[in-house]
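This document opens with one chain alone, in structure tokens, the form predicted alone.
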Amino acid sequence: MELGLVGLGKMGGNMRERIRRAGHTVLGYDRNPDLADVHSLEELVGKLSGPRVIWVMVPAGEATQTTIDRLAELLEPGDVVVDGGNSRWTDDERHAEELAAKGIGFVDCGVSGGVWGLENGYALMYGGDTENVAKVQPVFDALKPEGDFGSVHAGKVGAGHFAKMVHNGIEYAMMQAYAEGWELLEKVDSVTDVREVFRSWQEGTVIRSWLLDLAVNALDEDEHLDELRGYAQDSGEGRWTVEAAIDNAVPLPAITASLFARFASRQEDSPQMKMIAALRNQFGGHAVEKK
């Protein structure tokens, strides 16, 4: 099938390549002309045959809103827009209504996989009407990991980004637990090789995970994380998860505490946040701050 892809950054560029490897045609647009296949949204839409599918991979908020508003002017009834960025699920409902008024379908898709997704595949959580999802299904199949899992039609519009939001909230809490354990091991005199303790947990333990593997990778590169400042950003989805928990009266003590711990990292050089920063760099290519 043909796909228009808007946004060719860290994830978008790799997604374009993975979809092409599956035999599909992808035309990509980015504000950086060195990355783009076409040089305007108008050119992108004009070169695709209907019914078109346009996948948007730009930052959440104003950038996504502006892109969808412009596509609403250019696309035709029967076309579909997919928002694969980290938009808030409440924005999805508004986007779907705006596009539906012009006969254009909308699917929201939470995407996980970071810089490793090109080779390993991307975990996909998507929401929308069955008819619209079906138009995008070949792309979902191309992006997902091999095997039976890693892709889910989570429900109606907004469900994909809501599921990805909760996924990221869980991720916050898991990273925080590894970071706290690492700091405690580093603190005591009796443990003389913390990195190898972490490595030993990679097999046979109930806490083994890909995040643990990435922690070992980070420690192999910088055994005591001396080169990192203990500062970690939050993408916004952790905050949204906590807000949704409040709205629905669902207790989330671990996820909430992990979010607040990131806030603490901005007040002083936190050893725990060195590990959080290292893990985010490992799985997502997120920038780290050097001392």
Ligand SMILES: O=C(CO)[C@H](O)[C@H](O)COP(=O)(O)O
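These figures come from a predicted structure and were not determined experimentally. Position 1 is the first residue in the sequence shown; the rest follow in order.
One more form of this protein should be noted, the form predicted together with the named molecule, which is absent from this view; the next part is about it.
Partner contact region in the model of the complex: 231 to 239, out of 45 to 53, 31 to 39, 63 to 71, 231 to 239, criterion any non-hydrogen atom within 4.5 Å of the named molecule. Of the listed positions (199, 102, 167, 156), a single one reaches within 4.5 angstroms of the named molecule by any non-hydrogen atom in the model of the complex, namely 167. Proximity of residue 172 to the named molecule in the model of the complex falls within the 4.5 Å heavy atom cutoff.
With a 4.5 Å cutoff on heavy atoms, residue 86 counts as touching the named molecule in the model of the complex. By the criterion of a heavy atom within 4.5 Å, residue 151 is excluded from the residues contacting the named molecule in the model of the complex. Proximity of residue 176 to the named molecule in the model of the complex: non-hydrogen atoms within 4.5 Å are absent; the residue sits far from the partner.
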